[in-house]
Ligand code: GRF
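A single chain, nothing else alongside it, follows as structure tokens in the form predicted on its own.
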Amino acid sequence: MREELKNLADIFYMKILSPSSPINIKWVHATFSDLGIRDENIEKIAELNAPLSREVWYYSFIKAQEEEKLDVYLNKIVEHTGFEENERLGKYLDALGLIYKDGEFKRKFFKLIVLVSGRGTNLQAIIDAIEEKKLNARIVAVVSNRKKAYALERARKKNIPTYYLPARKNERREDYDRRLDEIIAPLEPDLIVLAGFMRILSPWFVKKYRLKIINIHPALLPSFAGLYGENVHRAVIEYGCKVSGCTVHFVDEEVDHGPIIIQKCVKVKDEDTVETLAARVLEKEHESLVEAIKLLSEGKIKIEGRRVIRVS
């Protein structure tokens, strides 16, 4: 990423060398102040009124990127230098998570839609990871088939758009999913996350969003597929398993069947109850879901048959 940032800075550095350009070190300092970016190095150089060297210019780009304000900084620069789109620049922007659209630079987020039916602890784990900057993502909608799902309240507290979509009497799965898609399609999500969504998606929906839907299952698939909630953990204990865990997988036309992205294990203790085992597995669910989203958002996986392979 640093190489793309340097190349981007160089493109604009050639523009600011124009004698008519108002951009100098004092301009950089004043712009940083307007953007709420405090940096002692820039302040000291501005006090000396030193020339705006290529190194200092590049440093200003690094600082703006660290403060997640590179898009705004670029828009300020373009006000004085103009902007011409080209393939090389587009490549650098893409690597930096930026786009140029409607006459301005904008941050490109990995757009998530989360489908829920219950408490929403996995949803909360995603929200927390985004706020802690562990994920460069944005939840553009949370949809539930249950009106009283606490997950909806978690989303509302963070001003995330929410939708309640109940099933109609005797409605076919595909008909429900087509109504669901009326919400989802206009939002153009990069990924749909099933975080405790108590509905089986229709083949029509899965086909439309193939390899763009992931699910979290509270067991080590393919074991205990098709079970959910406490039923999974009860079955694990009754079967005498020594380990359990969770699985994040792509969704295909079969229940709990798609290619496995991540699995994490926990030991099943002799004294475990359904509740104690569920609590430990849930912790791993939170970790796994965030990790899977991060891998997908950064394009760090490839699929070979049923195998999901990490790439650098």
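Start at 1 and count along the sequence shown; that's the residue number. Computed from a predicted model, the values in this text were never measured in an experiment.
This protein has a second form, the form predicted together with the named molecule, left out of what is shown; the following refers to that one.
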With the partner omitted here, the residue among 201, 112, 216, 74 that in the model of the complex has a heavy atom within 4.5 Å of the named molecule is 216
I'd like to check something about residue 136: if you look in the model of the complex, is any of its heavy atoms closer than or equal to 4.5 Å to a heavy atom of the named molecule? no
Within 4.5 Å, heavy atoms only: does residue 97 come near the named molecule in the model of the complex? no
Is residue 142 close enough to touch the named molecule in the model of the complex, meaning at least one heavy atom pair within 4.5 Å? no
With heavy atoms only and a cut-off of 4.5 Å, decide whether residue 119 touches the named molecule in the model of the complex. yes
Per contact check vs the named molecule in the model of the complex (non-hydrogen atom within 4.5 angstroms), the hit among 202-210, 181-189, 216-224, 168-176 is 216-224
Where, within 188-213, is there a heavy atom within 4.5 Å of the named molecule in the model of the complex? Residue list please. 195, 196
